[in-house]
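In structure tokens, one chain follows: the form predicted alone.
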């Protein structure tokens, strides 16, 4: 049984206590649904972190994945490729994000996962996570929470592609990144944006030339300024109003944990 394998092969408690946390800063470790025991169980299941060069495929489209990949440092993305070779980035993966949640239940990925910068990545075996989710309701609920967050972000991106102007698409993306990176202070936001204009174009469904044009428009309007890949949003509220972005969709506040008995009944 997988549960028996977990107890037999997980690192010993004294060894785990001696090494630095592998999942520190990740959405998994930050989940309000986890007890101390459940958080440690996930930590024990994680493989040692490894450094991956920029522009490296962690998973290719159509691949089978035995592990879930967690981005500890650096940026990555999910992408899909059209028949003509065109590429659409369907998600930006920031430090703490899980690259391939679908692999928990699907044997084949319908997207690729690729680093955008040099990244530090931790792998967690899917079989271990599935076994832990059966044993620990807080772990199961955490992965449901992560999947729902991804769904609402994708919904907003779909709205951008279908209903927002090019300038509003870019403004909305910058507002989202500002929130996800926790980069706002006193109404201003500053964060590193380690993406080329071509990569931004692949998120927004535009050309790199068009991205450059709308970025210049936002600069002229005083909405953004850039310096050495640092993005500065002088008035985040104004930028949000310009594109109709409501930050509440990101649910940055941790939800209150449901009583554990209720979770167990829902999963049974």
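In this text, all values refer to a predicted model and were calculated from it rather than measured experimentally. Positions refer to the first chain, counted from 1.
The same protein has a further form, the form predicted together with the DNA, not shown here; the description that follows concerns it.
- Residues placing heavy atoms within 4.5 Å of the DNA in the predicted bound form fall in a single listed stretch, namely 206 to 214, out of 22 to 30, 230 to 238, 61 to 69, 206 to 214.
- Among 90, 120, 117, 197, the residue placing a heavy atom within 4.5 Å of the DNA in the predicted bound form is 197.
- Of the residues 183, 94, 166, 146, just one reaches the DNA in the predicted bound form with a heavy atom at 4.5 Å or closer; this is 166.
- The closest heavy atom approach of residue 219 to the DNA in the predicted bound form falls within 4.5 Å.
- In this stretch, 132 to 161, not one residue has a heavy atom within 4.5 Å of the DNA in the predicted bound form; the partner itself is omitted from this view.
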